[in-house]
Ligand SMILES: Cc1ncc(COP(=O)(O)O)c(C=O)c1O
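Shown below, as structure tokens, is a lone chain in the form predicted alone; questions about how it binds or moves come after it.
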């Protein structure tokens, strides 16, 4: 039997992408698709950037691969120096890897190494939140709070502990595990740390604004400053997952910047290279870096493709594009414009519960009944119908399910490239509205 590709979807015959430019992807049949999701909320500087391809080729032509245990490289050293001032950490050091899941695993091991170096071996407890997503490796999945993804592997999970989601829209709903106010959420974290016992909690891990799992759910004002203060007071490392929110996606360089939070460890990927190369990193504050690199300490860790020269060259070029073209500000202004367009069409829609998010990371939560917030049953597969209908009309969206109670609940997440035109923003809002109405009609006619 001939070899074949193990596909990521159930579509037995997906279109073949052959070209991409700006906010558009073309398949081998000549059809065009407006990429309103930036792939998986990845592409920020746009598709088809010649300068990124040139940087990749130039670096690969000089040094494509030299193992990080034996060499550093110019591209990586230059990237770290240029990135440092943008990171919301004190005198940061970066540990480059191949993507978000690897970066989360690295951050967890780094937190453990930090506490061991300080003689606090009892700090083993790590808290994250329900409704979160931190990756698909076993450790990252265990840290995540997305029940539908955890369910098949529950027998292998259980080392990390979960707190309520910062998810005001679903606060108090059965199965949502969500709280609404900064006071409730911070008090829960304080109680959890105290209950675990003095000197036993290693880290708290969370997304500044939750991505696909909760469709760009923004925490209440005051939440992040309170969390940072509690972690500092208890000697708990604050790890911020900026895999989706980083590099301008929310209209600031990093999601943490909206609240002036300076974590101990930051995790990034996706927009770091705008999808042109598999790349991510962990950034550690000066205090964390100094502890694990001190004489007698040690951070025993590494991947074959960590500290990759070509990945660093691509990331450096993307960083330069974001800076010179003012694309972080563009994400903020275009995000406001897209939100206005969505509100015009969907704010009073009977099946839209909430439109939310920041910058060009906007979520739409879909409900069967707006007043009660009752979700469509999962069996209706509403989200899948919306995506299929939109794609048939040449519009690519990103989705989420299970956000209401771990099973039911549908959402759409938008995250187009920051170079998206106003005409394309109008098409995104109109196309989503049309796809939603068509999909809902199909769901109801099938009953």
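Model, not experiment: these values are computed from the prediction. Numbering follows the first chain given and starts at 1.
Missing here is the form predicted together with the named molecule; even so, the following discussion is about that form.
Colleague: Flag residue 186 as yes or no: does it have a non-hydrogen atom within 4.5 angstroms of any non-hydrogen atom of the named molecule in the predicted bound form?
Modeller: No, no contact at 4.5 Å.
Colleague: In the predicted bound form, does residue 249 come within 4.5 Å of the named molecule, counting heavy atoms only?
Modeller: Because no heavy atom of residue 249 falls inside 4.5 Å of the named molecule in the predicted bound form, the answer is no.
Colleague: Can you tell me whether residue 270 touches the named molecule? I mean in the predicted bound form, with a 4.5 angstroms heavy atom cut-off.
Modeller: Yes, residue 270 lies within 4.5 Å of the named molecule in the predicted bound form.
Colleague: Hey, in the predicted bound form, is residue 203 touching the named molecule, heavy atoms inside 4.5 Å?
Modeller: The answer is no: residue 203 has no heavy atom within 4.5 Å of the named molecule.
Colleague: With the partner removed from view, which of 227 to 235, 99 to 107, 122 to 130, 67 to 75 is the stretch that lies within 4.5 Å of the named molecule in the predicted bound form, judged by heavy atom distances?
Modeller: Within 4.5 Å of the partner lies stretch 99 to 107.
Colleague: Which residue among 264, 365, 207, 317 has a heavy atom within 4.5 angstroms of the named molecule in the predicted bound form?
Modeller: Only one listed residue qualifies here, and that residue is 207.
Colleague: Between the options 135, 255, 357, 145, which residue brings a heavy atom to within 4.5 Å of the named molecule in the predicted bound form?
Modeller: Contact check passes for 135.
Colleague: Using a 4.5 Å cut-off on any heavy atom, which residues of 237 to 264 would contact the named molecule in the predicted bound form?
Modeller: Contacting residues: 241, 243, 244.
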